[in-house]
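Only one chain is shown below, in structure tokens, and it's the form predicted alone.
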């Protein structure tokens, strides 16, 4: 018999996904596709930090680091060197199938991703003026990846007052790799004297046809001498493909966006695409944090709010996709890193002095960035004795130990692959 409800409103569901970042989003998509009734909770703000690209793997940290053009070749070397890495628990087919299912869903939601023609990472221009390897590129950025691969004449344009995006500096830094690249600055129509500008605000401004027309006129002199034009990602949150086609038709050049510093319009698009895709009656999303979860013989229970109304969630299975410090899956005390919901043991250096290397740019990476929870081969968290904490509970994404997703360029890959593995095992159990 179920315990007495804590509130009048109770939702019984097969699965609770705790977290709304990349791993939580992927887990909810995979569960939805398999007809698993799902409640997802967690603030989506961390998606605003996403570049919009889907990384798989490129760099094995070390002295010196090893960079792989083929991410699957790199993953094989990574697993050999670090057998406890999350990628050790998934096969190449599971990775490919997870990406295929995830990108198919996103295409139906309005964001089309382009993978490489062969197993070689694509190169994207970053606002730091570097080339970043990535696996899947959204349509809004694909012309940039192709321009880099073909060494075309690229024109970068920034906007006066927009922080963290300097086209001339980016072009100067990239000159040695892309000799035909140039940079320029324009004033945004109607905001010439506005001071600091926000990416999201400009995206809304460009929805006005008159503003878009003036924007095109200011871009035209910088588009004429080049083969392709790169802009900060400030096109519409929802109609970005239509807006890009308007620009390309007017300028007679391919146009691509470059991910910006957070809050990122490209990350917001992914969040909005996911939340806006109809999920049927079997999926509920609550954009709130969870502070306490109980366990009993029937599963897991916790409270959320819907407006001012408390709602009790009762779930048979649970996926912990709360992230690390940014997502608040992990917390910090005076000398320890802790897991915040179940007090699971966290793999970490023995003392705070061992969290960071003396060299900020140490090619091995900082040990704190590999902290996380241990799991079995199905991504079920382990307790202090090394046994499965609860056979109905899984973990996915950056909360997993033994990976440094930022340095490895593997964040989306770990999130998607681990979520795919957990949901697949959950379905068969």
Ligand SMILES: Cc1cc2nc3c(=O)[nH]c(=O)nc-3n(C[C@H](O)[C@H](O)[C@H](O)COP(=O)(O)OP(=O)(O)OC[C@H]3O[C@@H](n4cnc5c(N)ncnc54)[C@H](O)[C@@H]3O)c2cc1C
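Positions refer to the first chain, counted from 1. None of the values given here were measured: they were computed from a predicted structure.
Same protein, other form: the form predicted in complex with this ligand, not shown, and the subject of what follows.
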item	value
Stretch from 385 to 393, 364 to 372, 63 to 71, 23 to 31 whose residues place a heavy atom within 4.5 Å of this ligand in the predicted complex	23 to 31
Proximity of residue 415 to this ligand in the predicted complex, heavy atoms at 4.5 Å	yes
is_contact(residue 38, this ligand) in the predicted complex, heavy atom dist at most 4.5 Å	no
Any non-hydrogen atom of residue 46 within 4.5 angstroms of this ligand in the predicted complex	yes
Contact flag, residue 132 vs this ligand in the predicted complex, heavy atom cut 4.5 Å	yes
The unique member of 138, 183, 86, 323 whose heavy atoms fall within 4.5 Å of this ligand in the predicted complex	323
Position in contact with this ligand when the complex is considered in the predicted complex, options 250, 159, 112, 341, heavy atoms within 4.5 Å	341
Interface residues of 96 to 121 toward this ligand, as seen in the predicted complex [heavy atoms, 4.5 Å]	none
